[in-house]
Structure formats: C-alpha cells, structure tokens
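Structure 1 and structure 2 below are two forms of the same protein chain, each written out on its own as structure tokens.
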Structure 1
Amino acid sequence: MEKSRQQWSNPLQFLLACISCAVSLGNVWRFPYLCQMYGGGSFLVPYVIMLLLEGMPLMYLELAVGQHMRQGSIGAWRTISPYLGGVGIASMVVTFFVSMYYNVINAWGFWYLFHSFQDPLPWSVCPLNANHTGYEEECEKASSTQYFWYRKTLNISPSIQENGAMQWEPALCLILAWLMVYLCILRGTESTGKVFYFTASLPSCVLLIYLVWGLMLHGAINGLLYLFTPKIEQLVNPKAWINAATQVFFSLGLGFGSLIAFASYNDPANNCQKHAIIVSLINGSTSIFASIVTFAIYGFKATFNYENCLSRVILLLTNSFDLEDGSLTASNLEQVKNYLASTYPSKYSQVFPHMKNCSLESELDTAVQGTGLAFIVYTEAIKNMDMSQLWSVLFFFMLLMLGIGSMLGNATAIITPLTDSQVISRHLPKEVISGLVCFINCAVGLVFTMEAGSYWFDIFNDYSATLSVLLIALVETIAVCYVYGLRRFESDLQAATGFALNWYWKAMWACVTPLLIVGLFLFYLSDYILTGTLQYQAWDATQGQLVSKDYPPHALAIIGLLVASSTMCIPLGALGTLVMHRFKRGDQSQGSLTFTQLLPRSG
C-alpha cells in the first residue's frame, strides 16, 4: 500500500496554484508588446483561437496525467511507458535552467522595491558629475531611468566577453529571493498552498487599482485608443499567428512539469477538466487586463513626453528670437513657426536643425517588452505620477508576487520528482532536498549578478526553454494518445473522475495539437538556421543606447549546450531504459523464461 501522498487542503488551493503558475510576468510584459506589434485589438483573434486549439487541450492533458499517475513528471511518464522517463528528466532539466535565471528577476524586483521607499525616487533624477556643475554624462545621453537600470542596478559591461566583478547589491537581493522561495516550499503543499492565496489574488488587486488610477491619468486615453484600433491587415501576417501560439504555450507553463507536479497532489476524483478551462480563461483575461493597464500608462507617458518636447521647442524659439515669454503656446506654435521662417529666414535655418519634430504617434510606437518594459518604461511613467513612491511600491510588489508565484511552480516541478524518487527521499528529508536545490540554484544564479550577467540572462531567457519545451509537449501528446493509448487513457479518466471525455479533447489531442506544435517547431528551427549568426543588444555607455553585437563562440557553444542538454534527455532516457531492459533480460534468460513472457509490458 502506498504511503499517503500529501494533498492540497482544498481544491481551491490547487486552482490558485495553477493560476499563480500560469499568470506570470509574461502576461504583464510580453502580451502588451505582442498586442502592439501585431495589430492591437485584432491580435486577440489569433490568441483566442490558439488558446482553444492548443492551450486548453495541453493543459487538460498535463493536469489529467499528473492527477491520474499521482507522481511528479519523471514518475508519471515512466508509468506511461518505461522508455519515456527521459521526457520527465527533460522537463526537469528545462525547469532547472529556468529557475536558475528566473529568480534574478525577483532579485531586481526586490532591489527596485527597496529603493521605492526613497524620496525622490532614485531613478527620477540624474546624479551630479564630479564637480557638481552638471549631470553625469551617461545619464544625460540616456534618460535617468535607463541610467538607473543599466548603471546602478546592473552596472552592465560593454559586451558579454567582459565579465567584470560580482555586484554585491543584486547578489544580496538574489539570496533574499531564494530564501523567500525556500521559506514557501519548505513544508511542501501544506505551506505552499497558503502562499498561493496571496500570489494569485494580490497581483489582480494591484492591477485593478492601477487600472482605476491609470484611466484617470492625463493622456491615458491616447494609449487606449492606440491599443483598440484594430489593424485588420495584421491578421494575414503569419508572424502574428505564430507569436500567438508561442505566447499561449509559454504563458500557460506547459511542458515544464509544474502542472503535472501540482496535479499529482490532487484527489484522483477531482474534475480537472473544469480547472483546465478556468485556468486558461483566467490567464487570457489577465493578459488582456494587463494590456489595458499597460497601454493606459503608455498613453500617459507618451503624452507627457510629447508635451515636454513641445515645451522644449517653444523655449528654444522664444530664446532664439527673444519673443515675449509666454506668448508662444502649443496651439499657435505652427503659425508662429511659419511667420518666423518667412520673416527671419537665415536665423530660422540656423535654429531649425536643433528643433525636434514632436510626434505623439512616434512616442506611442516605441514598443518595448521584457525587463525593459518593467524597469525602464514603467518606472519612467511612475516617476511622473503624483505620490510616485506609493505607485512604485505597489507596482514592484505586484511584480514580485507574480515572479514568486512562478518560481514556486518551478521549484515544485523540480522537487516533486526528487522527493518521489525512493533513492533520494530515503536518505534525505524533504527540507534538506528543497534546501539543496535552492542553494545550488542560488550559487549558479550569482553568475547573473556579474557585470555581464544581464547578457547571460538574455541567453537563458531566449534559448533555454523555447525549443525544448515544444519538443517535450509534442512527445507528451504523442505518448498519451498513441503509446499509452487514447482509449485506455479515456477509460482511466472516466473510472477515476466519473466524467466522460468530450470528443473535442480527443480530436485536439490526437491530431490538431501535435500538428500545431510540429509547425511551430519547424518554424523556429528554420528561423534559427536562416538568421545565421545570433546577435544580442549591448549597452554602450558612451552613446547612451543599445547596440547590436554578435555572440562570441563560447556564448554560442553555451546556447547549443542549453538546447541540447534538455532535448537529448528524451532519446537518451529511452536508450538507457532499453539497455537496462536488455541487461535484465540477459540475466533472467536462463530460468523463468515463461515468467518474463507472462509479465505484462506496461506501455
């Protein structure tokens, strides 16, 4: 009889855990970017279609597998077929890579949160230069928020080759972030379950507050109009559909093993179909909600910058032509410019090159995603608001909740297979296993706090999970449908939960979803091959902006290693099991031949 497995205190905790894992930073800083790039409101069409075709079926599949097998990713796939233990290992390796770099975002979140208690906000003013006659040169060329991010937070080096020293401030924040993760997963689902109440609900509360406040900001309406004017022509752009599929995939956290781990702590009779649909819908609606808030703030920031630009032009003209102070306003600017051009043509042509062309559209067009959105664009908008400390604290608190929720999902995905394995859990208690995992991750994560750490972060962010997870999900679907048998899985589920499997799920699992994933996989492979050398964005302190550089060979080698180490686990796992079976069969070949023939081969 198996030892009773830890369970969620109530089904709501499981639901909130899945929501915490799914609703993460990607909803806040990638979805709005995609909306902006691929036609605003019309991006929702490919997104919803991909959610129905790919997101919900895969989510239901993972939850059902985890709940039915009642084990973490390695054990669950080994139960389906002994040759598929490698899928679980690949999941674990990918999640391990992700948790190494993901907590660094939480460390940066802590850094900004702690600095938000300062008045004025440290990223709102440039520091003075050595002799106090002006501002720091790098800060003048870039903006104060970019300077604070690139110089004060990251202390970034000019290229990936120059590693630099470890920065002790982000390192301290990283240690704190890992301690917090350890505190939450220490006791297993008993403690983690309670944390999910907060990480699932608080971000939505903060987003709601931001929505209400954001809509009242001056100029927010410009951003919202920009978001909601659909550009129908983007619907025929294949990149829009591919990005929608990718976003659905990574946003729901499929293929990482965390969903399987969560579902394994469920009561076997739980109706996970309902949960899969609810979580997918909540994830989608949070993305849309976050986009509305982001665009309201974009609108505010763009309007603020546009009006600043106009003021600077007005000041320039007033000073150059000694016009009366206050006579030139935004409304009569054009008329006066024409008058001056005709009356003083020579002087006007001298002044003209210095006059910037102010345009609200171009301000709104600057599309940013990822860490740049959260730590540069949002902070720039916040510094101009009233009571900026309060808004800053709220924003980074929300970011931390989202980040820690995802980290808990990642950590659970790694630790569940380890605690399931008899070999390890016999010698070490759960607390020690969790502690070791956190310690190793933290030690490796200190690499990202070095001066070139942000470039390595980008490498891990872009390459550690993308291809591998697609492959894992593909193998998962094929394994359940064709290796284990769709009918057998269906009858298992019906026996356990009492609900029959709808034809929709069967159709999706059997043909649509695998084909979609194969398509995505082929697209990414061809994209990687066609682009040739891979490039990255490096910060140039002398110019105060990002420049493109090529990756050096050792970085390319590491990228290859990242992708290979997780994808190779699948065939290697199958090979290993084959070898072990041959070995065992060789030993038993003398005596009980009939016995081994009678022994049912699972899978």
Structure 2
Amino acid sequence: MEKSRQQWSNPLQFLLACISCAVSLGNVWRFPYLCQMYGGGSFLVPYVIMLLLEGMPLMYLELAVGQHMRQGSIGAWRTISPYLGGVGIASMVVTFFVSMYYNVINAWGFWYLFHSFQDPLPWSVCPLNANHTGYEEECEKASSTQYFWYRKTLNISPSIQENGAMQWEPALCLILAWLMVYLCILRGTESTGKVFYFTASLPSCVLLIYLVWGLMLHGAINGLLYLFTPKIEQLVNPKAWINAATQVFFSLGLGFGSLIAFASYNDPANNCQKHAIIVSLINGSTSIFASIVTFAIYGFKATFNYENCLSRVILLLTNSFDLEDGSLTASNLEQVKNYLASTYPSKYSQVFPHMKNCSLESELDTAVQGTGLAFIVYTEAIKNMDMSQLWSVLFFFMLLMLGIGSMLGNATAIITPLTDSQVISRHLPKEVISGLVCFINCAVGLVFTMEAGSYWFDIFNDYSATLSVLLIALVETIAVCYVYGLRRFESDLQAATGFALNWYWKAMWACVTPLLIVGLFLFYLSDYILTGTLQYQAWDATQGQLVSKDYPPHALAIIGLLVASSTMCIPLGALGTLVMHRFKRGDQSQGSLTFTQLLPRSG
C-alpha cells in the first residue's frame, strides 16, 4: 500500500495545503471579534502564549503522526494501538458534521458574489413595498443589509420550529460549492496540490489590496486606534485566555484529521517540525493582518454612521428652531443643545424623542462575528465605498478561496481513511468514494437552505465540534506520550528525519498541552451546565431585529446527539476492538467465553 500511495509533488504543495487548511474564515471573522471583546492589542498577549503552548505543539504532533504512520486518521491511531481506532473515527464524524454546514458558507459566498455585479448593489437600498408607496416595513425597521441577508438570502422563519420550504437559489449555490470541491479532490494530491497554490495565496493578495484601500478610507484611523489601544485589565480576565486558546486550537484545524491526512502523503524524511512552526506563525500573522484590515473598514463604517447621525440631528435642530444654516456644527452641537434645552424646554422636549444619541464609541463597540460580520457589517461598509461592486467582488472572492481551501482539508480528512481501508478501496475507486462523500454531504446540507436552516446552521456551528475535538486532541497526546511511548516516538522521528526532539516539544506533549486541553474541556463542560437553558437568536420581522428564544426539546436532542455521536466513538471503538479480539481467541480455542474472559489481561 505504501508503494502505491500518492505523494505531494513537492514540499511547497504540502506547506500550502496546511496553510490553506489553517488560514480560514475564522481568521477573518472571529479573531477580530475576539480582539474587540477582550482588550484590543492586549488580547495578542494570551493569543501568542497559547499559540506557543498549545497550537504549535499539537500541530507538530499531528503532522509527525501522519507522516510517520503514512495513513489517515483511523489507520494512524490504530497503528499506535488497535484500541485507538475510534479516535480516527471520531475525527471523521466531527469533520463530516463540519463539512455539512461549512460549505453552506461557500454557497452564501457564491450568492453574494453573483449579486455583486449589480449596480446598485441589491443590499444597498430597501425595496419598495407592494403598493409602491414606500419601502418594505421590515427593511425600514432593520437596515437594507440586514433585510437582504435575513429576507432575500435566508428567507428566515420566525423560529426553529417552523422549517418552511427549501430556498432553491441558495440550494443551487450549495450544489455548485460541492461540485467545485469534488472537482478539486477528484485526482487526489495531483489536483488538490495545484488548487492550494490559489487558495493559500490569493486571499492574502486580496487582503493586501483591501489593506491599502482601507487605510485610505475616511475614519479608518478610528478603527485602528480602537484595535491597538490595549485594555490591560483584560489580561486578568480568564475568558480572554480561554478564548485565545480556543481560537488557536480551532483556527489551526487540530483534532479534525486534516493535518494527519495531509502529512500522510509526505516523504517520511520531510522536516515536519519546520512546517509546523511556519504554518503556526503564518496563521497567527494572518489573524493579526486580517484584524487590521477589518478594523480599518470597521472604522470607516462607524465614522460614516456617526457623521450621518450627527447630520440628521443638526438638520432636525436647524429646522425645528429656525437656526441659520451652518450655525450648528458637530463641534458646537452639545453646547447648542444645552442652550436650546434651557431656553425652549417645552419645544425641545417635543423634538428630543426624534433625535438619536450619536456616539462614535458606541458604533465601534458593536461586537459582531461570524456570518453577521461577513454578510452584514462588511456589506454595509462596502455599499458606502466608491466602486462598491469591485470591492464586493474582491471580498466575496476572498471568502470563497478561504472557504474552499478549508473544505478541501475537511474532504481529505474524510476520504483518506476511507481509501486507506482495503475493504472499501477494493470495491470502489477513489473517484467514486470522493463522489459519494460529496453527494451525501450535499444532500444532507440542503437542510441548511430551508427557511429554518440558519438556526440549524448555528447549532452545528456551536455544538458539533467544540467538545469533541478537545477530547480527540487530549487522547492523541496521551496516545503518543503514554501508549506508544514518547521515547519510542522520538526515536522513530529522529531515524526518519534526522532531527531529535528538543525539551520544548517533549515538555509540551507530555505535560503542558494536555493540561491546557483538560482545562478547556472542563470550562466548556461547566459553561454548558451552568448556563442552564440553551438559547438561540431568532429573527423577528415585525421588530426588524434578533430576539432570544429557548431551544425546543427536539433541538436539544439533536445537540446532545451531535456531541455524543463523535465523543462516544472513542470508547466504543476501544470496546469493539476488545470484544472482537476476545471472540477471535474464543474461536481459535473452540471454547465458550465467560464475562471475565472479555476483560483485558493484566500485563
């Protein structure tokens, strides 16, 4: 099997594959949010520390395991111990869940990309109502960008209990997204290796273009000052450290099996230590780089909204009190307001309810992440830019490159263990296996294009992977250090690559990293328990805003099933192997088995 195994054409392809898998949408729409929530520049301190203590060691561990064992996640862990095959199965299950909803983001990206060529952009203005006497009420209460997202794109239902009909346009975009993934993985590393040249490099080029343009936008400096003004008090906030560790963990794609699958196509003598360091540093640098771009544009949006608010207030006061044009400006607004309130209290009290409290700080304080940042905040900023169609096309093209790169990693993590299986590969060629994986994922993923699909998307996004991959990574470190043996693993690596493990890697794998993972696992577990009733954000069309609602019982059951179906693979896999071995011994001895014979023998 090893002789016929595909390999990367060159080490650069492998490096770009890891970069494309690690540098994903989370770098663009979650890291800036965490900076905003936890002290701006001061958040970089826990982030860098967690990158060194957790991210880099785990990445090296997974690359080394995949490269040394030269198999996908199931085969690699089964080689270390027959009882650890469930670890690889758990990775596959988690990645399957993630793939189902993750490619929906690419479908939305295609949807917005296609609409980016319209002039004006369809989310820049509210549509007229049925009588053509004004604008749609829902759009007026919300905003044109929110209306286009919630009504035109999702056509979202009022609650998760109202599934509604499938939206055929997003559904077609989802089929297109999966077709692209299939074409990219059709010929294994021969095709994906070439695709990674684009998915790893083009997003950086687009971000660079956005950075140059964003820095020239009016108000960009306000966003950058907000980002890099540290809030030292956040350094003692435990949630800042926990979220930094989580961001590092998931942005590098640890525990999903993608890195093991990629490394399995390497030359055994490849210096995977160097690649782990390079990818980790590039991932961290890209997160900071994307935050600078995001906050430059965010500063422009906030300044634009703030100045528009001031203009409306000035116009209202000027007309209400017959002031001379130009006598009231932003600089003397508060002074004039105080004067009018004291001189004309009755009239001012009538005008005051119609005035907005304009604040640049409150505009910048609005914290948004995920799809809200990409499809609402960014689109709101883009619609106010010159040449808005161009910037919209560039932005959603970048999102697609990031999303497709991550999807290729997810698909490889699922397909590699299946093609490694002699039972499956003996009956089905790799092209058919890849096609079936994509078809099943696409068919199930159509659920997310229904009117309630966005709510199910959030469930999968929040609960399908977090606890599972933490448990997987913990078992991985224990398996290498205490089942296979750290000294034995060190000896194997040195024999293959010529590089000996230094004290840093051994200390991280044997002690520091597992303890950090246990801490994260306990935090999330306790957080779920202490939170009590799980809630979701539902769209209220009558108010034009999101409202909190409790998950119904069937949604809670799905959440429990998502967590259990992957985590239980590890103990069930070990138990299944144990029972199988005992029955084989029983068949060989032609004797009957007792319960005590099913237990492992001491020593």
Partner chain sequence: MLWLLFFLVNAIQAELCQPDAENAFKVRLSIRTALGDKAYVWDTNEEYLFKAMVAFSMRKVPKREKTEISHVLLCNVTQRVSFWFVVTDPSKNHTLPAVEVQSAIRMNRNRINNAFFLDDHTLEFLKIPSTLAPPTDPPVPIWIIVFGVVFCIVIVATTLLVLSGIRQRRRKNKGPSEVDDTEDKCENTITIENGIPCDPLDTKGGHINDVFLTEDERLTPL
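All values reported here derive from a predicted model rather than from experimental measurement. Here, residue number means position along structure 1's sequence, counting from 1. For clarity, a rigid core is taken as the largest C-alpha set superposing within 1.5 Å between two forms.
Chemist: Mind telling me which structure is the form predicted together with its partner chain?
Modeler: Number 1 is right.
Chemist: Spell out whether the Cα of residue 343 moves at least 2 Å between structures 1 and 2 when the two forms are superposed on their rigid core.
Modeler: Result for residue 343: yes, a 2 Å-plus shift.
Chemist: Is residue 323 one of the residues whose C-alpha moves 2 Å or more between structures 1 and 2 after the core fit?
Modeler: After core superposition, the C-alpha of residue 323 moves 2 Å or more between structures 1 and 2.
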